[in-house]
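Listed next as structure tokens is one chain, alone, in the form predicted alone.
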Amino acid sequence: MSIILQDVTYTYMPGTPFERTAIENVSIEIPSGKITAIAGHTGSGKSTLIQHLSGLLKPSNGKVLVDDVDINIKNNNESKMARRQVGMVFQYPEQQLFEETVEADIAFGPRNLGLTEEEISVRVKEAMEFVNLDYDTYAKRSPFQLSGGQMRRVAIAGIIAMHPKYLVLDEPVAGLDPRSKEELLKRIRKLHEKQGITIVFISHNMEDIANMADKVIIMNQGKILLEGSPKEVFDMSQADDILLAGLLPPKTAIILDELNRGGLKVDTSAYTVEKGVELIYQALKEAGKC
């Protein structure tokens, strides 16, 4: 099962002087049980695309299928249930917090699902534990008294508490300090590994994508420019296309490619610092230089 977009086009303000097509004839599959990263320059259409995954936007043309169900059929219970399988966390989600306490904010979604208060309490505690917010310490506090990283974790906990099958994150680490960023990415990966939730996330950071993603989608001017595994997309033969999208390949890939061009026979298939160091050491050893 998966999320499938079939020839999806979306036009803002059609029939007006401000008409603009944000995505055009996009056909992709978001595989279940995997981490998919979407990247592209500002205005490439990536945020418009992910808003179609949960039905927040309805295609001007085309279909969006969640587990083989068209989510845009009106007055259809099956479509409604399919939309609920997709949890959406917007960029700067802390700006969407509105309840008086952390507990109330996280409980808002599950309560709208019609769960009992006992079930809601269990989900709130589980979600807070997962994002590493102690219930006794934070439950009764105002979310607006927390740090930026903590507020973002509260927002993510509110989505996790609804038990989505698919979790969609728009620039989840934007604006966070390095420590908070690293911690949040670890939590997202742990959620994927522990609960099997399918993750879709937008990022400008190629290193984060290389470290996290099973599948990478690069967008440019409302269309899919590149699609595949990190190894396929970040192959340096694709560098010109990545640059065309206003992005850069992972720094490790660039360094390895330059070393290879300079005469050091090093494997260029690494995209993380740790693997890059390992391959450089191996190449130097084989060259008798260490």
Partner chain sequence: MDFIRCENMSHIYNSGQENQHEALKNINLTIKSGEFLTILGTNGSGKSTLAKHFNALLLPSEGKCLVDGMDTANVDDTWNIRQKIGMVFQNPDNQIIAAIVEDDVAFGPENIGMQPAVIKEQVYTALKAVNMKKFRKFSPSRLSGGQKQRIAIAGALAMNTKCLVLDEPTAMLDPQGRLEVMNTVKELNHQQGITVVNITHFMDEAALSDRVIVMEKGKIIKEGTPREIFADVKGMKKLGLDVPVAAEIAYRLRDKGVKLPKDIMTTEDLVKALCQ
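Every value quoted in this text rests on a predicted model; they were computed, and no experiment measured them. Positions refer to the first chain, counted from 1.
A second form of this protein, the form predicted together with its partner chain, is not displayed here; the remarks below concern that form.
Asker: Only one of 246-254, 227-235, 22-30, 61-69 has heavy atoms within 4.5 Å of its partner chain in the predicted complex; I'd like to know which.
Answerer: Among the listed stretches, the partner-contacting one is 246-254.
Asker: In the predicted complex, which of the listed residues (Leu259, Ala239, Leu53, Ile35) lies with a heavy atom within 4.5 Å of its partner chain?
Answerer: Looking at Leu259, Ala239, Leu53, Ile35 one by one, just Leu259 meets the 4.5 Å heavy-atom criterion.
Asker: Any chance Asp267 has a heavy atom within 4.5 Å of its partner chain in the predicted complex?
Answerer: Output for Asp267 is no: heavy atoms all beyond 4.5 Å of its partner chain.
Asker: According to a 4.5 angstroms non-hydrogen atom cut-off, is Leu176 in contact with its partner chain in the predicted complex?
Answerer: Taking the distances in the predicted complex, the answer for Leu176 is yes, it comes within 4.5 Å of its partner chain.
Asker: Can you tell me if Ser79 lies within 4.5 angstroms of its partner chain in the predicted complex, counting non-hydrogen atoms only?
Answerer: Close contact is absent here: in the predicted complex, Ser79 is far from its partner chain, nothing within 4.5 Å, heavy atoms only.
Asker: Might Tyr92 be said to contact its partner chain in the predicted complex, defining contact as any heavy atom within 4.5 Å?
Answerer: Tyr92 belongs to the contact set for its partner chain.
Asker: For 259-285: residues with a non-hydrogen atom within 4.5 angstroms of its partner chain in the predicted complex?
Answerer: Stretch hits, in order: Leu259, Gly262, Gly263, Leu264, Val273, Glu274, Val277, Ile280, Tyr281, Leu284.
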